[in-house]
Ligand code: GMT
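Let's start with one chain on its own, the form predicted on its own, as structure tokens.
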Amino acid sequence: MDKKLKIGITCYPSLGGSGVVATELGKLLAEQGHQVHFIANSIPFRLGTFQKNIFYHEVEVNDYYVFRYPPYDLSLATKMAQVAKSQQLDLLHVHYAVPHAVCAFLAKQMVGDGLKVVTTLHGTDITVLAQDESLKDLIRLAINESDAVTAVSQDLIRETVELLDIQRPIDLTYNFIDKRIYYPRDAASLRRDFATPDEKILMHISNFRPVKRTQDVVEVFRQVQEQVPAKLLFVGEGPDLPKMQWKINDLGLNDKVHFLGKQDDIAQVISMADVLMLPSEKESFGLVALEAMACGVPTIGSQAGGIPELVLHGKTGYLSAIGDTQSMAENTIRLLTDDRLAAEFREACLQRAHHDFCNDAIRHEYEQIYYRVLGREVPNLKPVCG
């Protein structure tokens, strides 16, 4: 009996942690011989070049003139059903409850119960969208009608259960890194473009939304650079960029801060850093902290959401209360001025990232969930992590 699966994956294809995880998972599954079909309105940006067992199906929105707004959700549901029928998919794995899990529910109604649906909750579908009373019932329906539901942190599971009164079990399946991609790179030459040999580098990577508290990053840096020669690198773009630039200019820090814009090769970029700054107000997991950890870079962060499940305080980074920039600055200075401590943190980061969050282990967890909902025996393949 062929134990390989035919899996449809839908995610937001543009920049974002959920899209990254969904795409990387699909690639890992394809490497194991599973047939993976991405169903989205554009090719996921991390999909890259041609890869065996991976297929892409574009969702085209009907522009019929009576529609005031293009009905993307209905077009997606229809495409899911079409692909499921034509490719004989075993299941749909959708990332985000709205609209993807709702669309998968509709597709299943069209195809039949033989098509299974696995939904992964990533964060804002619960922490933001589920706060809207007009969407709560829809999100609850999508979760309850899925054959399996996973979430990327225990904190997200807690919030989902409490906010939506969910009674069904939710599997904890953490995000992961591909250890073949995320490891300490030689970034010495790149580092010289931004900092002198005696300067340390603080880095923040995000979409610069208010929830990321980028102003706190600037304030922490202001305190740190008064005691330690340092530079601050921002990676990404977003709505808070003008506010950040104004604050930096107001503090007279223009010559100490660099904006690198969006970058694809995060492992190379992040390897320049001595610490990653993640003072978020909400963070269901904190994928960027895991990517930094895998490159040997500790995190200075907040005790928000799932961050404490990832960053071990006093071992792989330091965590402070949200908005406590003084504590964050003190912890940063401690790391930047103690070479022995920094080396210990670096080794702890590498060990934790490559062992506890490695691609093989998390991929295997998802495979177990797939076979479970299909009522099939799980192949006895042990993941290799180290």
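Quick note: we count residues from 1 along the sequence shown, nothing fancier. Just so it is clear, the model here is predicted, and its values are computed rather than measured.
We do not show the form predicted together with this ligand, though everything after this point is about it.
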Residue contact check: Leu287 to this ligand in the predicted bound form, 4.5 Å heavy atom:
yes
I'd like to check something about Val152: if you look in the predicted bound form, is any of its heavy atoms closer than or equal to 4.5 Å to a heavy atom of this ligand?
yes
Partner proximity in the predicted bound form: Asn175 to this ligand, non-hydrogen atom cutoff 4.5 Å:
yes
Using heavy atoms and a 4.5 Å limit, would one call Thr23 a contact residue for this ligand in the predicted bound form?
no
Considering this ligand in the predicted bound form, find the one stretch among 137 to 145, 75 to 83, 292 to 300, 207 to 215 with heavy atoms no farther than 4.5 Å from it.
207 to 215
Identify which of Gln268, Gln223, Gln245, Thr124 has a heavy atom within 4.5 Å of this ligand in the predicted bound form; exactly one of them does.
Thr124
Is every one of Gln32, His93 and Tyr370 within 4.5 Å of this ligand in the predicted bound form, counting heavy atoms?
no
